[in-house]
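In structure tokens, the next block holds one chain alone, the form predicted alone.
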Amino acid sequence: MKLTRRSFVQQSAAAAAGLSVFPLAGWTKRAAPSDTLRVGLIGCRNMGFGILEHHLKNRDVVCAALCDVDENVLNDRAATVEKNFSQKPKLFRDFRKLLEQKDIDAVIIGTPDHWHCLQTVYALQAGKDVYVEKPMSNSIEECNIMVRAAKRYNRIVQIGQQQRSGFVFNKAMELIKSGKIGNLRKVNIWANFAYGVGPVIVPDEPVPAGVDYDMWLGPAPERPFNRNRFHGTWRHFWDYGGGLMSDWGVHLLDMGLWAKDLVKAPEKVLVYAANTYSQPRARETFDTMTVCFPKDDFVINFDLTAGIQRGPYDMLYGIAFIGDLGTIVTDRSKVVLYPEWDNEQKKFMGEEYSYTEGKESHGEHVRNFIDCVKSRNQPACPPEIGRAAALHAHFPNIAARSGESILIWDDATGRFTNSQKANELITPVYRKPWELPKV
């Protein structure tokens, strides 16, 4: 059966076993306690809270606890949960206290990237299932640790690469794998966002009232407080994130890997990276990158230009899957198939396809996680897939930081074969008393 938006929604509804979704406010009917998933959220400010809201729109989920190092954010989010969902979760400033709660079944991790590994492993050790935001972690070795931990503790781990659960990209994969564009030869990806250049430079300042800054830093090196390395803009600094490459790159590169069902690290990456934006900004990451991943029978190209809002096909960001018989162009709102022209037959080599009413798929991804927690089936984006996508983002950053234009990887040894400088960036050094988990 061909995948249509209607059939996709029907399948998703069936997978949810008839569980209804309620509006944000004014509902009281819930699932039976025996069928209710009790979740805790670690990191409440932005995406983490959005994912919690998607959980709470399902009648079989309740919020048992919230945790954040900023009590201003924590109190504000607690008030929102009470107002919109009629629930009063316990509040914590230290995530370890939240994980001690026996009545919590699963945790959502929405903290900065440098916290993902440690908090995920602690949660798994505490017997919790985990929904952790992308990228899976902020380093190669942390990704490896998280894969091992999910297997050892036999818990459900969903990485927040939500495009795996949405109609648009499922439809794109169906078209590719059913041969509609013939042999896939090339995947071209672009991401152009104004925010990628980083914020305007400001001086260091005292820690804001209500913020446990030492806990926010956690395993990252000690540095003075600066608002540019805090809420919202931390991802421009290597200690906490990887810039646009690990923010949008993870999502888009994941789609290039899915087209061929690749779940392994890159064997080779070719990289150009520079800072070409005309104004100085608060940023350590790169604003301009061109990356090439040669594969066995196709190639993935990634082009990043921060500071602009236009790109190919007049799209801010997107992916072009190029085959012998046609090209599929996608973003989160659309999937369009452009058939190739046959000069000899004087006709197109296939049928056009266009769907342009797509939307974000966080809700579907969350529902998939909930269902898998209950069924113990593998979720849409397990750690192995999260690792592959994250490594495709980390390798270009590591190459550029090491001054290398080419990196070659040996997955058996977990090392780059041609750069000691790059190998030094595989494993982070945690600030004491925090220790890199051993699994």
Ligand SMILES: NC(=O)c1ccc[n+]([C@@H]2O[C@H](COP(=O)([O-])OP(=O)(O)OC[C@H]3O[C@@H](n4cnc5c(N)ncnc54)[C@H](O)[C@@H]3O)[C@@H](O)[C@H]2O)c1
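Numbers follow the displayed sequence, beginning with 1. A quick note: this is a predicted structure, and the numbers were derived from the prediction, not measured.
Keep in mind that the form predicted in complex with this ligand is not shown, yet the notes after this line are about it.
In plain terms, the part of the chain that comes close to this ligand in the predicted bound form, with a heavy atom within 4.5 Å, is 111 to 119 out of 111 to 119, 287 to 295, 263 to 271, 146 to 154.
For the three residues K180, L252 and I319, a heavy atom within 4.5 Å of this ligand turns up in the predicted bound form in no case.
Although the partner is absent here, H236 lies well away from this ligand in the predicted bound form, with no heavy atom inside 4.5 Å. Contact check for I406: no non-hydrogen atom falls within 4.5 Å of this ligand in the predicted bound form.
Within this chain, E133 lines the site of this ligand in the predicted bound form, having a heavy atom no more than 4.5 Å away. Contact check for M315: every heavy atom lies farther than 4.5 Å from this ligand in the predicted bound form.
Taking I201, M215, V299, A79 one by one, only a single residue has any non-hydrogen atom within 4.5 Å of this ligand in the predicted bound form, and it is M215. The contact residue chosen from G323, G196, G160, G256 relative to this ligand in the predicted bound form is G160, the criterion being a non-hydrogen atom within 4.5 angstroms. Applying a 4.5 Å heavy atom cutoff to this ligand in the predicted bound form picks out C67, D68, V69, D70, V73 from 66 to 83, in order along the sequence.
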